[in-house]
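Presented as structure tokens, the chain that follows is alone, the form predicted alone.
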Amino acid sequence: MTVKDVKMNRRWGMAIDLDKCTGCGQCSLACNQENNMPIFEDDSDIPKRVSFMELMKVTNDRDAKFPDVKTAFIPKMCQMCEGNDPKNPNPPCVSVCPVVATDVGDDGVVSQIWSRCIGCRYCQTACPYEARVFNWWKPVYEGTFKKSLNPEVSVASRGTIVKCTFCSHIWKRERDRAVAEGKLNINDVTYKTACQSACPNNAIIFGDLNDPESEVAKLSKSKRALRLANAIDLESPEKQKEMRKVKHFSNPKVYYLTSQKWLKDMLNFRKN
């Protein structure tokens, strides 16, 4: 038996506990460092900022008065959409790419090949979560930062789209290490994303949604869990089936957890 003979049964997903997140930003910094994202002196131009993970600060001050005003932080990256049929994933961004620079792997991760991208930005337009970033500038790495570049991730050139890939290069590294040790069942290989490893409050959990015993699978079934702007989840199974016949929904594999009603309403685009 070889590695190619083993069918991939993993379906990677993520759960982020917003009640634990303090907005420290270590997840975003770790992501940038891991994926060779350049740092610019002026980072105020948000549309041209290059970052896989945005840390959004939200508050209920529009509807609440002191002392009931609350603040929360939402780490937002690629939501790894599946579309209406998880067995045949068809994310909105993948279907519009004319050069197949983005695709869905056997593990459910929506990939992005920098070198194949022609910069048309169709995928960026189709993404419901604005999770794809266009490289407006040629990447520049100052001083000793050059020495810390990750050799496992190629440097994206100017004029290409980049995005979070759930640090799939780390999985490949662990897979190759397991194969070198004689372990050919790649489904036994697990790994941690850079953002999960960096989070000091253990607010980010990554794992296999297909494994009912995994922590991320259990959290995805929690009453505190919801998916960003995926309002179809609030409907009954019968209603969901009818809605999928007339509309293509994102069906992301990133779950956010909170016990705060105002935050749940905001994530679902509902008024309090």
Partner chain sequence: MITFFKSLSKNMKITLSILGILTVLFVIFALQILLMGLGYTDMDNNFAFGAWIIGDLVLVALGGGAFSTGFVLYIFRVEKLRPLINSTVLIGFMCYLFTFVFLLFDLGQPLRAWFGFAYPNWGKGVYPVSMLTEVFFCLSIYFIILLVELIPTVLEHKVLIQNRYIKTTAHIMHDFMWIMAAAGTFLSFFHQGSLGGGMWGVLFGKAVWYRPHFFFLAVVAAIAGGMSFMTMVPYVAGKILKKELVPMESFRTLTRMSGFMFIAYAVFRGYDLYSMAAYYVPMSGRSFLDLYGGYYGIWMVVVEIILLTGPLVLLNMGRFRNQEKLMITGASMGIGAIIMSKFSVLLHGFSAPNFPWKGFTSYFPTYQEWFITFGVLALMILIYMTFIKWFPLFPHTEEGGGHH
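Just so we're clear, the structure is a prediction, and the values are computed from it rather than from any experiment. Residue numbers count along the first chain shown, from 1.
Just so it is clear, the following notes concern the form predicted in complex with the partner chain, a form of the same protein that is not shown.
Proximity to the partner chain in the predicted bound form holds for none of D211, V216 and S222, with the criterion being a heavy atom within 4.5 Å. Put simply, of S111, N185, N90, T190 only one has a heavy atom within 4.5 Å of the partner chain in the predicted bound form, and it is N90. Although the partner is absent here, C117 lies within 4.5 Å of the partner chain in the predicted bound form, judged by heavy atoms. In the predicted bound form, no heavy atom of A178 sits within 4.5 Å of the partner chain.
At the 4.5 Å threshold, heavy atoms of K76 reach the partner chain in the predicted bound form. Proximity of L228 to the partner chain in the predicted bound form falls within the 4.5 Å heavy atom cutoff. Shown here without the partner chain, the chain has K76, N90, P91, P92, V94, S95, V96, C97, P98, V99, V100 in 76-110 lying with a heavy atom within 4.5 Å of that partner in the predicted bound form.
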